[in-house]
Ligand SMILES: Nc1ncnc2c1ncn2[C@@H]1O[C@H](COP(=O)(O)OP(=O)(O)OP(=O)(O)O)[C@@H](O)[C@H]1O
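One chain follows as structure tokens, the form predicted alone.
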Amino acid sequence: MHGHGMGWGFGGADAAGGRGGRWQMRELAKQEHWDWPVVRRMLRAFRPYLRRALLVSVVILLTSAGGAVPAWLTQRIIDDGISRGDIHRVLLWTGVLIGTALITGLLGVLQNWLTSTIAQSVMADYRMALFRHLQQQSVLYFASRQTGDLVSRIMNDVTAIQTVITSTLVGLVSNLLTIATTLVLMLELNWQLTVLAILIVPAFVLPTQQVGKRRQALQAQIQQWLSRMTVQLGETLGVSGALLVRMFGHEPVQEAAFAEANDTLRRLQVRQALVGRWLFMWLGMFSSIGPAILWGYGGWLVIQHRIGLGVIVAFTALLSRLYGPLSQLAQLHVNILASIALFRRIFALLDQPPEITDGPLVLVPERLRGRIELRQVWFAYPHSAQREGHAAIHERRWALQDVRLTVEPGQTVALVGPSGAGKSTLLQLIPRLTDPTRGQVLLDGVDIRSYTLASLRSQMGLVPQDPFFFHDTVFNNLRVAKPDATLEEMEQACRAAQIHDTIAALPEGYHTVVGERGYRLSGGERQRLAIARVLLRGARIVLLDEATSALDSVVEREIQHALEVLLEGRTAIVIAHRLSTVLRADQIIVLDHGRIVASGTHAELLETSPLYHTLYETQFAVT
């Protein structure tokens, strides 16, 4: 697929994450397993916050110790105070108990604040890293993926990290420290009762592995369906998608697809919530059996005067601090396994290297002449090569084949040819929106891959067939071309592009919001505003894909005036749809199936090129 039209119609590759259906989701879930490299990489996100994480660990340790102290104090109140009738000791230990509870509560608030700030900071870092990484990807990368899936990775997947940090990782440390401090105190009170309590521990831990695998598989499927729903919402709630759906009466189909995804997601989340129900029933049962056994054996020890009553009461209180964290650790083990699928999706995105990278040289505007040369350029879209594997080069579906073209400084070259001839692909090579598979593109004799992308593209202006504008004001959409532009500079560019009067007539002038993709403007107005944007940029090289929509004579003349200003003194490559542009071009290039089949002036090509003659009769002569 050659992608005719500056909608950048990169062809083919399946979208990542939205079209695989349930089979792919099951396969993804099967691939998940405990992976230490993934876990270590997860933990590396905490490096910038190591001091704060260490402080959290200290606070958790103090909180865990403070939580165990009340059981020890209870034993003292009973055995040293109540049993001996010493009210002073009762009041003393009661006061210490109240103070300990207050301090532990304050430490808990501090712990929550610290863990929340770490979690939000790590989430912000991942969002920024993903966004920055995607900004470095080529247009081809986005053309072969669904926008909603990428949005889902940045928003849904990263947001889920908060639970991993605040509940899973902090819970792991907290529960381990709670168990450790509890066991130390239990051993200090009575080692026999401690051994009895530990003997029941395997009943908490052993049943968790199978549950963990099931929850892990469900988590992978849930993230996939969330991504699928995000994709659909992004496509159908946008202006273009909404227009398409309504014009073709596609609402029932879209509603049915959303209902299926919504219902599937609901069922998966219910299954995930209930998948460990038998395990947790088992854990809950042993939470009751443990104290019963302890009271039976401990009561016999009290009757035999081997321990005091306070010991058995303190032990019963400590038992909940032992089995509770053990039960939570069983669930945390499940959550850690399930989170691996989440981080795999994030790391998979971060690990995809940019297809287009900076060169070492900075293009100096003052030295730019604007001579463009394509030397033996071949180009095939990656999806073709992927399908063929190690197929021979001659079997590739080439979008461009052995293109040799020179555009001298200040020249206007018009590209003409049937749909799919490779015109847009050729245009995309000039600003390095993609690189040739073979051959070179040179600017003033230097391979453009030698330049930094910023310096190269700063000297180029693009007017696509369907110009894109952000849902923002005219003023801010123009500032995309020149961030420090003044209103006076914008007005000057817009006057030259024959669009100033139209903008001035808008309700808020240059501060009027143009709507999503500029839908508040007509097609002719959008194209003239795009021309103004390039004029404001001051680009020396212009890339233009003329709109094919029929325009009335007044708008047509205004666009022609704007184009005359735009192309004057600049090197220009134009995908031509209008006879006026073809006639004005210094050189006309005829493309067919990715090859240059003819070149020359309008008069020459009418005589020598049958294909150009056909194009003239079917396209240019009627526009």
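Throughout, we count residues from 1 along the sequence that is shown. Being a predicted model, the structure only gives us computed values, none of them experimental.
One more form of this protein, predicted together with the ligand, exists but is not displayed; see below.
This chain lacks the partner; the member of 425, 224, 182, 152 within 4.5 angstroms of the ligand in the predicted bound form by a non-hydrogen atom is 425. Out of the listed residues 159, 192, 419, 262, 419 is the one that sits within 4.5 Å of the ligand in the predicted bound form by at least one heavy atom.
Contact annotation: residue 462 falls outside 4.5 Å of the ligand in the predicted bound form, judged by heavy atom distances. Heavy atoms of residue 397 reach within 4.5 Å of the ligand in the predicted bound form, making it an interface residue. Though the partner is left out of this view, residue 469 does not reach within 4.5 Å of the ligand in the predicted bound form, counting heavy atoms only. Using a 4.5 angstroms threshold between heavy atoms, residue 72 stays clear of the ligand in the predicted bound form. Contact with the ligand in the predicted bound form, judged as any non-hydrogen atom within 4.5 angstroms, is confined among 354-362, 531-539, 450-458, 139-147 to 139-147.
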